[in-house]
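Read the single chain below, which is given as structure tokens and is the form predicted alone.
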Amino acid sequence: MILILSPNVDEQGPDYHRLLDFLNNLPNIQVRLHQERGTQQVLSEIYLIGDTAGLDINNMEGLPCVERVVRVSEEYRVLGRHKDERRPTSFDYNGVHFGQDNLNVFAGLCAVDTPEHVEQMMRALQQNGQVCTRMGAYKPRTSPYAFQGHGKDCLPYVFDLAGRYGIKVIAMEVTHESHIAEISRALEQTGNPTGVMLQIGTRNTQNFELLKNVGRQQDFPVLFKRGFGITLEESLNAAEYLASEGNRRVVFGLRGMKTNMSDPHRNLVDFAHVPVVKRLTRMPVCIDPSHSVGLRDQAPDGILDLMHVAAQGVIAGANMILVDFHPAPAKALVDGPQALRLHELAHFLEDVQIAREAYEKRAALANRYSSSPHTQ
């Protein structure tokens, strides 16, 4: 059960203390408080975990400071959508809106290699009106002999260049809790010129201790990628680890499933799950066409497979795109064969916009027919 409190509730007030005293004395029930601090108000939710079946919703709504009550029936208690609830499906970070109602593109380097390539990438983004990117500093690899990323050594110049070119959010994978501290220090040392969205890669989807540590920090939102060889339900439960520890600013990423049935693509594209994740949870949904396709093959219509796949995800309602670009793909240290070139950025963005407009028209059409008297 979730108790949604009145905005800006006075945590020092007598009503708030009476509420907590009552809840803490309920038998066989744990009480967890979650807060979302926006620019104008603080939103508080109290999660009651345990034997809540006997609690009457009307009685709970009559408690001091409680605005409304949501009874949880689904497994995803914090991130899930529950019956008749109106909790938000969006959040804002460093001036960028992330929600189930919009779309952001994160084009950039799968792995940072040189300052020159980082600057070329960010200059191209600025010229095309983009304020988000991806930059890989920590790279978990299948082979222990493959390039593992420059780590903390590249963070200062990546962040400095981001500030110089107006980049507001960088998606960056972390594989250990120490990476969070390294990112925080580098941001502080460079004057906090940009923001970072921590990425949980597909190999760490069920690294539960890492998920707990990333969930406990409140500074950075999280892009959580689906596990490549587990069910959607297992991945959604893993994402819930982040939220259960306190961080609800989570974007769920689809990046294809590992199977030889996907050949010749790198992974079997799973973008049909975009509307499923949006229906089951309140998370915005990201698609990763680069790691789904893994190559630059082109269809007879002249459109790259990667762009076809990206459009499929966008037209299904995706809210974020993570896509690999590189100034010189042949020199890329990671995933060069799938990287788009900088001169293709404008084409890619325009193609995405066409797909987004098609999605918006489809949504408007569905809304018009659902509100028709003949469908009542």
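What you are looking at is a predicted structure, and each value in this text was computed from that prediction instead of being measured. All residue numbers are counted from 1 along the displayed sequence.
In what follows, reference is made to the form predicted together with a small molecule, a form of this protein that is not presented.
Stretch 193-201 is the contacting one of 152-160, 176-184, 193-201, 241-249, since its residues have non-hydrogen atoms within 4.5 Å of the small molecule in the model of the complex. With the partner omitted from this view, the residue of C110, C132, V274, L236 that lies near the small molecule in the model of the complex is C110 [heavy atom within 4.5 Å]. Residue contact with the small molecule in the model of the complex: H291 places a heavy atom within 4.5 Å of it. Proximity of R282 to the small molecule in the model of the complex: non-hydrogen atoms within 4.5 Å are absent; the residue sits far from the partner. The closest heavy atom approach of L322 to the small molecule in the model of the complex falls within 4.5 Å. Using a 4.5 Å cutoff between non-hydrogen atoms, K278 does not count as a contact of the small molecule in the model of the complex.
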